[in-house]
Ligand SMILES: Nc1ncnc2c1ncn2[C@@H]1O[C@H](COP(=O)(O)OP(=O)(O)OP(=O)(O)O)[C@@H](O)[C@H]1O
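A single chain, nothing else alongside it, follows as structure tokens in the form predicted on its own.
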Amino acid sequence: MLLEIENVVGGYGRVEILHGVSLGVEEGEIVSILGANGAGKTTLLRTVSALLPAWSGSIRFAGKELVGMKTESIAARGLGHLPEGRGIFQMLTVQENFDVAASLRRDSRAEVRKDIARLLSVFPALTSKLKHPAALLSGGQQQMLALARALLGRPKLLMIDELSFGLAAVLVEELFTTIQQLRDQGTTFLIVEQNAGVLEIADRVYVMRGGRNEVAGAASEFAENRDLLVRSYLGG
């Protein structure tokens, strides 16, 4: 198991949001966490990344306990986190956004250039925008840039919070297809979503409700039985 989360409790201040969440991600999988607003999905990702402390429980990545580690140390181990809202530098150009991400790399500039060229082949819409401020990109292009920047760090596992946020259905479908292709190239994904379209690309799904992972199963099972998905969201 690449990522193992066991009985994690956490929250904000004194408010407990996560009530003993457990889940796992195998290397080479796309795993999705579905749930309505307030289910605790974002809080869980922030806790895994140590942006919030885990009050109790265990979080292991590639066999290493992460609880108590700093965010930068977790990232250095190959666990990436693309937050909701994209997290790009709006006033910097697309190239400058890449340069900021590349500054955290410890290998050669030639390797960085090679990776940027590969990512531009995955997201060709960015190729003609390298000198444009990120603020002038469309919503879909901004999400592509955010995803490309995260991948430039060469994560073994990339956690993505609401990839579909604010995007038209056709762009969401395109991005989901790209995620599949990137998985086939060696990146593992844990994707938090409200958009049930993620079922088309995920291997397994966890449904969170009220700070607990209520239901888990193969994505195909949920895709074929939408009633099961509705019941998982609403309870009962």
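Start at 1 and count along the sequence shown; that's the residue number. All figures in this text were calculated on a predicted structure; none of them were measured in a lab.
From this point on, the text means the form predicted in complex with this ligand, which you will not see here.
- Note on the partner interface in the predicted complex: the residue among Thr178, Asn195, Thr42, Thr187 having a heavy atom within 4.5 angstroms of this ligand is Thr42.
- When contacts are judged by a 4.5 Å heavy atom cut-off, Ala216 does not count as touching this ligand in the predicted complex.
- Of the heavy atoms in Asp99, none are within 4.5 Å of this ligand in the predicted complex.
- In the predicted complex, this ligand stays beyond 4.5 Å of every heavy atom belonging to Pro53.
- Mapping the unseen interface onto this chain, Arg204 falls outside it, with no heavy atom inside 4.5 Å of this ligand in the predicted complex.
- Only one segment in the set 167-175, 196-204, 63-71, 33-41 has any non-hydrogen atom within 4.5 angstroms of this ligand in the predicted complex, and it is 33-41.
- Looking at 59-92, the one residue that comes within 4.5 Å of this ligand in the predicted complex, counting any heavy atom, is Glu84.
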